[in-house]
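One chain comes next, on its own, written out as structure tokens in the form predicted on its own.
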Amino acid sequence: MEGWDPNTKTTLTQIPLLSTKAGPRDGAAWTQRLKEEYKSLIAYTQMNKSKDNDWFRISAANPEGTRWTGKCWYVHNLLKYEFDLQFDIPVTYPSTAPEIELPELDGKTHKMYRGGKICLTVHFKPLWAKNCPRFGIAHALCLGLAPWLAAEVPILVDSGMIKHKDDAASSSES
């Protein structure tokens, strides 16, 4: 964790670590892992709200907990930019991190793969591998999606690749 800013370190240490090494094909062990994932996500969400840093909503889209959907947002120049968020839990989870997708940004930045999957290979994947199985969905959002949004959204806005919903609505009305 050397080289990280103090805020990131503090946040990360407050997200509960997971202990069950199980993936979607592991039956009862996967159910236990899902319980740990929910506890970690709830703790992270509560921490963000208490710090007035609420920036995502997410929930399992199926009873098995293998598909997740939601919304994430980033505030830039006092304007809120909101995006659909989705990902599937890989069969090899937790050894393999989920590939977080922001479909509406597909093709708008080079730091993204086909289908709107954000690029996490260089910085995040080695960190995930080193911390398997202790990291979970909350950690992927904190250390993967949050920094990606912070780096990419301002560039996308400033380059005109994305427009605020109010700007888009007013330009379509005229």
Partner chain sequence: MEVELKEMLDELETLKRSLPDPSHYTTIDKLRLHVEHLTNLAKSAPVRRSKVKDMSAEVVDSNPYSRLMALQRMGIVENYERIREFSVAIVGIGGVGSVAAEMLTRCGIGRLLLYDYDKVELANMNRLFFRPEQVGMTKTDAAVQTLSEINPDVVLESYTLNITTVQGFETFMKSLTNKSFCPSKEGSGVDLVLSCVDNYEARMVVNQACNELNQTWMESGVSEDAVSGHIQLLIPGETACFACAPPLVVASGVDERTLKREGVCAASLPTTMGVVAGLLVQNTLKFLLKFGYVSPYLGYNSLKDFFPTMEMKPNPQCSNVACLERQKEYILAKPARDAAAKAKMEADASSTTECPLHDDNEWNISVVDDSVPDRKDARSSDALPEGLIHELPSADEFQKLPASEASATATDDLEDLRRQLEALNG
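All figures in this text were calculated on a predicted structure; none of them were measured in a lab. Numbering follows the first chain given and starts at 1.
The same protein also exists as the form predicted in complex with the partner chain; that form is not shown, yet it is the one meant from here on.
Asks: Would you check, heavy atoms only and a 4.5 Å threshold, whether I162 touches the partner chain in the predicted complex?
Replies: I162: no contact with the partner chain in the predicted complex.
Asks: Heavy atoms within 4.5 Å of the partner chain in the predicted complex: does Y38 have any?
Replies: Flag for Y38 set to yes.
Asks: My question is simply whether L34 lines the interface with the partner chain in the predicted complex - judged by any non-hydrogen atom within 4.5 Å.
Replies: Yes, contact at 4.5 Å.
Asks: Tell me, yes or no, whether P154 is in contact with the partner chain in the predicted complex, where a contact means a heavy atom of each within 4.5 Å.
Replies: Close contact is absent here: in the predicted complex, P154 is far from the partner chain, nothing within 4.5 Å, heavy atoms only.
Asks: Give, in sequence order, every residue of 125-139 that has a heavy atom within 4.5 Å of the partner chain in the predicted complex, or say none if there are no such residues.
Replies: K125, P126, A129, K130, P133, R134, in sequence order.
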